[in-house]
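First, one chain by itself: the form predicted on its own, in structure tokens.
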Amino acid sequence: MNRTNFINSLYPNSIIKNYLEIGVRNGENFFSIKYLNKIGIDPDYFFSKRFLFKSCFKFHNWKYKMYRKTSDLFFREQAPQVYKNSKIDIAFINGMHTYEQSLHDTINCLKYLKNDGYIILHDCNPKSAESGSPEIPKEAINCNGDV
């Protein structure tokens, strides 16, 4: 099961859930998540016009908010207001692939997570020592970092 199917399976009968994705990148995963209340955070996201147009035809993509900033800034500036009345059901952490930043994101998500909510960390199982290094690899490999 891939990450998108796993996340969608957590609440299969309810689309009215609060979903947070840190590290949206090109939106491939974000726009495939079938919950209505979605927030994405990424300081450098990019969505092609064609991709955005296609995603608009899916009901679960009609209500989302995207923040072009770091997760630290989001949690400092927006999160207290955004999650004032409604907490996070699912947080998917796929941002900076470092131990320190993943820990910060997890701690910040815990502050706003529902008691029965989920935090999912991505890139925790590197296939090699090089892909699991905190340094950005010089060769073209899938980089997990030291999450």
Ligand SMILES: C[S@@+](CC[C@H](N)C(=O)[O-])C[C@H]1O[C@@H](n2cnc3c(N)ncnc32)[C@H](O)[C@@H]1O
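Note that the coordinates shown come from a computational prediction; the quantities given were computed from them, not determined experimentally. Don't overthink the numbering: it's just position in the shown sequence, from 1.
The same protein also exists as the form predicted together with this ligand; that form is not shown, yet it is the one meant from here on.
Answer range among 54 to 62, 77 to 85, 92 to 100, 113 to 121 for contact with this ligand, defined in the predicted complex as heavy atoms within 4.5 Å:
That would be stretch 92 to 100.
In the predicted complex, Leu20 touching this ligand (heavy atom, 4.5 Å)
So Leu20 does not count as contacting this ligand.
Interface membership of His104, this ligand in the predicted complex, 4.5 Å heavy atom rule:
Taking the distances in the predicted complex, the answer for His104 is no, it never comes within 4.5 Å of this ligand.
Hey, in the predicted complex, is Thr70 touching this ligand, heavy atoms inside 4.5 Å?
Contact with this ligand, yes.
Indicate whether this ligand has at least one heavy atom within 4.5 Å of a heavy atom of Asn37 in the predicted complex.
The answer is no: Asn37 has no heavy atom within 4.5 Å of this ligand.
Relative to this ligand in the predicted complex, which residues of 33 to 64 have a heavy atom no more than 4.5 Å away?
If the 4.5 Å heavy-atom criterion is applied to this ligand in the predicted complex, 33 to 64 yields Ile41, Asp42, Pro43, Asp44.
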